[in-house]
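Below you will find one chain, with nothing else, as structure tokens; this is the form predicted alone, and questions on how it binds or moves follow later.
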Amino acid sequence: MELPDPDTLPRRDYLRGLVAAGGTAALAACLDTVDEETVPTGTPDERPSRQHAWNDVLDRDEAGNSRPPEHHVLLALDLAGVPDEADRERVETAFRSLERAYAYDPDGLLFTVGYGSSYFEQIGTEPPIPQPTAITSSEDPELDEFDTLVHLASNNPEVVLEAEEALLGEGTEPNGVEMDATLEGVFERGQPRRTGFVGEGLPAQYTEMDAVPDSVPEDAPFFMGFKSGFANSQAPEDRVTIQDGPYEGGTTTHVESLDLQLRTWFEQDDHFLRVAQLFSPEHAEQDLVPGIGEELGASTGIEQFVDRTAEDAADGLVGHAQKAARARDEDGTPPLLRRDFNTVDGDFPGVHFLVHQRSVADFVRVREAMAGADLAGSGVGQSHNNGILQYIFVNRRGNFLVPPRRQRSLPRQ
């Protein structure tokens, strides 16, 4: 991928473009651009036993909602051969080297390592997770078939680039710390490489793209113009943690890559209708979301409107959050922990909807509720006025097991 031109882009756009491009040239350009501030180094033993335990170190907004790191890379890897014990030691040494190079902190590096069903098939064991499939009748996505997914996240763009290159053996001293081993010879780069970003005002900086209208709110952290990841809509980390069996303490990850039809979303519909479709008709009628959602604090308040879902659909309009909330646990706990982010991969606006859950079945249950197929025909269409379905298009899916940290390096079961 060609590197962006620093003379034609604002600094933050240029840095995100370098993350999207990847590679040693992008890393060198990034290091030449960023301020010479010291990125904190780390101590491996300070990291928790759960790979997905990020909440304790994530930044928070005034309402207590977690702020995800700004820069993200989803690194796909394929096994170079059937691994042995020496390979496991090599891989673990590489990951621990990264943990010495960067602090367990958004200003350092947060990362998870997950394994797809193809990994387990190659080592000759029954996969503990299902292969990805299309979930709704309206989609025909490509399916992730590579073996391993490494999610790299940091507030600093050079960190995710440096960590990626170091793991692949193309850089020896991330953050000035020598790698004691790399993944070279055990893994090969797979496809696709995916990247993205989260941050107040960042989506509005892409209005030079034909598919991103000028009407994207200037302070919105996500392309669709509203906040996301409200604390009361997120599963606690305990809820998404596997409770027993060989991978106790781990979790599962699903990645759903979506294209967004933003021009239709912003130019066909007004703010009232966007609120009604994303949250619920009552949110719009009661003017609960006059802006991007800051006024909601830590909760969308969707719980009080879930019982109206079928009635609202029969009246001709139902909300996305309203439908999804039907799949919460009996005590009202959401089953999914979202760590999704915006993307312009392929020069088109989208979302890599990355979520953790105890089992992939939890995700499927929520995704089916979001689809609202049971509501279609009652007053809403298969996609029209059925939440936000007419504006989002699934182009890829993948399922991964994220073992506890002690088993993250080529698990055996």
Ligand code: HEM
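These numbers were taken from a predicted model, which means no experiment stands behind them. Start at 1 and count along the sequence shown; that's the residue number.
Beyond the structure shown, there is the form predicted together with ligand HEM, which is absent from this document and is the topic of what follows.
Proximity to ligand HEM in the model of the complex holds for none of W54, L75 and R405, with the criterion being a heavy atom within 4.5 Å. The closest non-hydrogen atom of V198 lies beyond 4.5 Å of ligand HEM in the model of the complex. Proximity of S154 to ligand HEM in the model of the complex falls outside the 4.5 Å heavy atom cutoff. Contact check for F279: a non-hydrogen atom falls within 4.5 Å of ligand HEM in the model of the complex. Taking non-hydrogen atoms only, R239 never approaches ligand HEM to within 4.5 angstroms in the model of the complex. The partner is absent here; in the model of the complex, the one residue of E99, E256, E165, D87 having a heavy atom within 4.5 Å of ligand HEM is E256. Put simply, of T148, T309, S233, T182 only one has a heavy atom within 4.5 Å of ligand HEM in the model of the complex, and it is S233. Stretch 221 to 229 is the answer when you ask which of 102 to 110, 170 to 178, 87 to 95, 221 to 229 has residues with heavy atoms within 4.5 Å of ligand HEM in the model of the complex. Residues H320, A321, A324, A325, R328, P334 are the members of 305 to 334 with a non-hydrogen atom no more than 4.5 angstroms from ligand HEM in the model of the complex.
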